[in-house]
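Two forms, one chain: they're shown below as structure tokens, one block per form, named structure 1 and structure 2.
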Structure 1
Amino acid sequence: MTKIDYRKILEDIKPTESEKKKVKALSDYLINFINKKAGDEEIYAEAVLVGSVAKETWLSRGPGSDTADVDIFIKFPLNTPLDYLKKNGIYLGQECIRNMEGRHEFRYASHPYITGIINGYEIDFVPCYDIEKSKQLKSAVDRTIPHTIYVQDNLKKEQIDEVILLKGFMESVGTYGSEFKVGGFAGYLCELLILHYGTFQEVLEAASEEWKPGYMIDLRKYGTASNFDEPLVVVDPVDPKRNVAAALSLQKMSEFMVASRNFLQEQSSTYFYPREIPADLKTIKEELEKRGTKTLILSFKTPDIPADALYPQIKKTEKSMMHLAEREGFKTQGSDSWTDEKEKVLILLEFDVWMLPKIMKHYGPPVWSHTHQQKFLDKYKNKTWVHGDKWVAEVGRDFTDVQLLLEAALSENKIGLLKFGKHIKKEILEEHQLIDLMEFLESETTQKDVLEFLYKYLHKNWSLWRT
């Protein structure tokens, strides 16, 4: 039925035998080092390999791109005090990275862990509890070992290829990854979908034909699916109280459904590869001009917080600015945001209506409401009249230009008008720039990634089609 040569694609995106050997050899060495160290120092802990490397389901973009993320979990007995676990878990990871002369970085999920760059691989060392049942769960990371075991026990050898095809497709159409930046499908979720439907092709067929918001998958028939209200529900086979698709947004679920349908129609192998975004300054400027809208761009320095904290804070700021503008009577066309996660955050706000008259109607209490109307009349005096049975007052608009409104709201003075995380607030108050996007494009030698961000804003369907 399909015209796609999946074998050919797998040659490009599946780790080769030598690549697997190399990664396995490295992770075995690291695990042995940690376990020996733990024994030597009488730390009650044991390192194990988990995640996509353990399951052999990772996506590899060919020689030279060692994209395997190695996850080594250091498990402690259930009765270990949390402080002991954190301190010794981090210590063992740190010692291991030091031994390999790698760079290290502290990170934070449900509790702190340590990441090392060793021989070009990014390796996470995560302390956790050694649980047998989901009831024993002490923190979210404790599920990772049971997840790995479940997939290893249930995924057939030939289904590994199906998982890799699904991940490759997801990545290319922009729906792969459960981190806040994407809000898409986690690797474990991809594996469960293959376990449930059998093959890559069957997952796509189901997504394009059957799925809609509220769709439920319950592999082990726990019967708990209806307890969740996220758009897609996939009950965790190792924990009936968890929806594996909890982080999947309605947006990304829908995009996957649409991309699936398009792929099944178009049958193009380009759906498995990264695409060059044809972002060109001149074209973007012309397209913006033609829209006839006004687009502002707010830029400020990226606060030094983890990506999974950063993206929700940026989104919150973006939404809050849009709401403020709408509340004051302006009309928005759309918005988006972008960050390189290191230096710069950009928030784009596009307006259909950005100028308003000086006057504004303000509706008050009914003319028969004796207690309320006196206050209204005292306040607005002879600027009041009657409409239907309500008082109306003509009031002056504080801001007739949306740019001035937002600029005011971004200053110390009026910052209460907006809602954002404290790290972003601090950066914005310290320094920011709010200007017309056209002006921004004139003044900056715009980076390629910024142009790509703008291109994707103007072409929202770009990643979902190939023809």
Structure 2
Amino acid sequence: MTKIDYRKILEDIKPTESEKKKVKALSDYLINFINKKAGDEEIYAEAVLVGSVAKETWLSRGPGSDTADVDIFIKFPLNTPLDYLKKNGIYLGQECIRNMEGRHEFRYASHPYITGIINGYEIDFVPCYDIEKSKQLKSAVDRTIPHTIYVQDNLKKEQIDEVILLKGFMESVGTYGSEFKVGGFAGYLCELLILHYGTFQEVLEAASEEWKPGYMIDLRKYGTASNFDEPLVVVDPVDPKRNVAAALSLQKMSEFMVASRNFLQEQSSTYFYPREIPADLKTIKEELEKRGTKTLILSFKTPDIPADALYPQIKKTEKSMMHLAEREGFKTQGSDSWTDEKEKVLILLEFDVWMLPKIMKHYGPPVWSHTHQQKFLDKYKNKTWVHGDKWVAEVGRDFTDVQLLLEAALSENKIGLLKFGKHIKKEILEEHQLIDLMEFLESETTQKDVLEFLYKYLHKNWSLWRT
């Protein structure tokens, strides 16, 4: 079996010295600007570099890729009023972006922060409190500076490459990123896994051989791991009350375990590089026809809200529609959703059973339950009979076609049957389209990323194998 040349892989995914100098120079300039501005205007705050750039564990996909996400935290003394922190933290970030002639947008974590696009890089300016220990914590973002210091103090120089390999592998197999859209491994979690196991190879070996739901890692032996019930528990070294892996879904944990096992068996360097998705309209149509299922597409305009708020609302809507269909007797095959985050949202719903008879059996009380029995008989009269020890009635269905059921549920007078965020509800009520997927594919020139979304739905294991 050919041995993997990790040096060659690192040449492709590790920032070059010139890239690091470029990012460091920009970061230093921005931090110096903010600190001078704060000093000139007597704002009690100090900017510091945090995150993967500060730890040199960020991924690069080649010269000019500008993939570094620069995190600059603006820390305020613990006795600072929250309103003062928010106002002046945002102000300093805005002034810095304006000075660099960048563009900005407001985002929200524990409290508002501002993101700027400067010289092609995405820069987050986040106000926070200057804490030294977890007991001083006032918001979730306050942990970030201690996180950075902990990794800088404990990660050996040679382990930086191990972190980059792990992140590159996870990114390629689709399990990297703790945002709701992915539900995967955070960068800080990757760093802690390397600190715990030592190397990239050892992380994969443990994941493929030892991990199972409820697996616990406690680097500092706090003894608090059993307080959490997520699929993977990694106690935060700087806060024993927090599970660093809390955002990791069971799905992504399982996918990483499978991909790790496959890589260790195949020893292929292709696991570190994104696969080209062979998605074309003709192939997708042919595959859909072979499945013999009914697939619907709900499309509507993307609400104007941040991505971290958008994705949970989309997923909530998707699940609610599937639950409604199942409650009414329609058998589901699967579902998924996609958005370009700007113009369009698509929710895909696939059914094994999408048409039902006009009648169904409705089970009532046991024959010995006299009070309930009488109410049942009064309601259904001559449509009742006894099956075993229970009364049964023959009743008509309100909907025999799942598409008609869902379309009704998306109307103004039936919208309460579904659960979704208010922003999604507003857009759906204003305008939406619910049609068969084949009709959807015929009705418009389908963009490449939509075809890729459909291909990955039809090939759910696409990222996990390379041979």
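Keep in mind that this is a model prediction, so the values were computed, not measured. For the two forms, the rigid core is made up of the largest set of C-alpha atoms that agree within 1.5 Å on superposition. FYI, numbering is relative to structure 1, first residue = 1.
Between the two isolated copies of the chain, the second is the form predicted on its own. Pro81 is not among the residues whose C-alpha shifts by 2 Å or more between the two structures once the rigid core is aligned; its shift stays under 2 Å. Pro240 shows a C-alpha shift below 2 Å between the two structures [criterion: core-superposed Cα displacement of 2 Å]. Core-superposed comparison between the two structures: the CA of Gly177 stays below a 2 Å shift. With both forms fitted on their core, the C-alpha atom of Trp368 sits 3.7 Å from where it sits in the other form; this compares the forms between the two structures.
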